[in-house]
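What follows is one chain in structure tokens, specifically the form predicted on its own.
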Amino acid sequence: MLQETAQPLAETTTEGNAHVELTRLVKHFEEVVAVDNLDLTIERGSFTCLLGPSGCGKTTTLRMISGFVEPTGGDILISGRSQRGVPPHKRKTSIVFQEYALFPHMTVRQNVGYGLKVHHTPKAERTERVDRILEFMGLTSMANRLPSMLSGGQQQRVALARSLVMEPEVLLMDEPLSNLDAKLRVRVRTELKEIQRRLGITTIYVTHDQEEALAMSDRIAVMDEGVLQQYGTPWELYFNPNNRFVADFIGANAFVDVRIEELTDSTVGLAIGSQSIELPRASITADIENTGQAASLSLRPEGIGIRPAAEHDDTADERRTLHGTVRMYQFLGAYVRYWVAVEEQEIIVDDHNPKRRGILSGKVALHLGEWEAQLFPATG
């Protein structure tokens, strides 16, 4: 539980000015390009996630910011100052690793104060700063315990306290919740975001968990094979992905092969096998200009209504209705996820009110929400 302090460590800030700037940042490991011309501006006081699959370059980027990895090219600026040639211990950054690396023979207090001791901080100041951060993090009652006496979540808070007590300008976190179980991860990520909000500290957080990134971030940088795919708010990435990779990586999605039948100023007509549907022209992302053109239709499962095919719905627009057959389902408590075969393709649909009609089977009708679909150029 976070504890309020009489004197907060810092006021929450949202100044909107650049704090960390990555300019044409490049890292090669022999013939492998780990990061490729990365340009990124991170605002002061923001919480930014570097998100992507394993090997996308996110951890390498974090380690270049911290100074543990030297860039092959480009530059890193913190508060307008280049970090080229600046060793890690002289940067205004602090990093929390995936492995907490707490000293097992030291108490919580000793672990938290270790960095200050190494930096020869006077004892009185060291005691005051450690006491203050222990109170802020709700760790005062555990100050004399060894790490082995703490839960995973408590150990994570000690590791975070050890970084924050150094009073960094920028807090770096490398998948710090990956060792926690699912329920604890959800609770601790809420605590982390609250700590960041209260301190107003610029935070750069690496994860491959898109749900974690959506829940915690002010902005997300999605990377793939060392290249930045999109940088924006969680809302922008989820509802307006730049490309198919981002649409596929952020949230659940189904991609359906379609053909452009008709284009008007306001609508686009699509053929899916023998069926036809109509969507707003705004569903088109880019590079789709001609009738007869093949395309890939991206559908979010929560944006599709489902009902038995024999059940009439006066509110459903038949121009946005597809017909298929339930192939499989999973009951997940709050909703049922269906896999529906449509013209030899598969669409995922989430019914968030399963108690209303129970589990569906056989022939069904799918109603596409007006703004819940996007068209991307066909692949291959």
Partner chain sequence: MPTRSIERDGGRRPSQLLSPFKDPTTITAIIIVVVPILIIVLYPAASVILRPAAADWNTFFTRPRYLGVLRNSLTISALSTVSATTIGFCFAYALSRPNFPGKFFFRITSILPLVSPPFVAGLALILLLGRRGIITHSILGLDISMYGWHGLWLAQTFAYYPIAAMTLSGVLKSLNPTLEYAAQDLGQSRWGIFRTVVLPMSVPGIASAALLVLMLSLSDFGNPMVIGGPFRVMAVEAYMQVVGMQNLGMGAVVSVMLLLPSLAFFLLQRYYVGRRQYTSVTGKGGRLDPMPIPPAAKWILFAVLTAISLFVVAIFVVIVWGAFARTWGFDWSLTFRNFEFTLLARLGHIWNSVRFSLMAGIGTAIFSVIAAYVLYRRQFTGKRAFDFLVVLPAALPGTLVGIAFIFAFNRPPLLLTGTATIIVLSMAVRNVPIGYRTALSGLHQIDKSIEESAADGGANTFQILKDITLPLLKTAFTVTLVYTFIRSMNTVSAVVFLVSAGTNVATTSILGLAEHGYWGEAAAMATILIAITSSVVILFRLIGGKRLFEL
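As the structure is a computational prediction, the values presented were derived from the model and not from experiment. Numbering follows the first chain given and starts at 1. Whichever C-alpha set is largest while still superposing within 1.5 Å between the two forms counts as the rigid core.
Same protein, other form: the form predicted in complex with its partner chain, not shown, and the subject of what follows.
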{"property": "Among 257 to 265, 219 to 227, 88 to 96, 232 to 240, the region lying within 4.5 Å of its partner chain in the model of the complex by heavy atom distance", "result": "88 to 96"}
{"property": "T107, heavy atom within 4.5 angstroms of its partner chain in the model of the complex", "result": "no"}
{"property": "G74: touches its partner chain in the model of the complex, heavy atom cutoff 4.5 angstroms", "result": "no"}
{"property": "Contact label in the model of the complex: G115 to its partner chain, heavy atom within 4.5 Å", "result": "yes"}
{"property": "Non-hydrogen atom contact R44 with its partner chain in the model of the complex at 4.5 angstroms", "result": "no"}
{"property": "Among the candidates S276, T140, N179, S79, the residue which, in the model of the complex, approaches its partner chain to within 4.5 Å (heavy atoms)", "result": "N179"}
{"property": "Residues in 26 to 52 close to its partner chain in the model of the complex, defined by a heavy atom within 4.5 Å, in order", "result": "none"}
{"property": "Large Cα move at N240 between the shown form and the other one, threshold 2 Å, rigid core", "result": "no"}
{"property": "Large Cα move at M106 between the shown form and the other one, threshold 2 Å, rigid core", "result": "yes"}
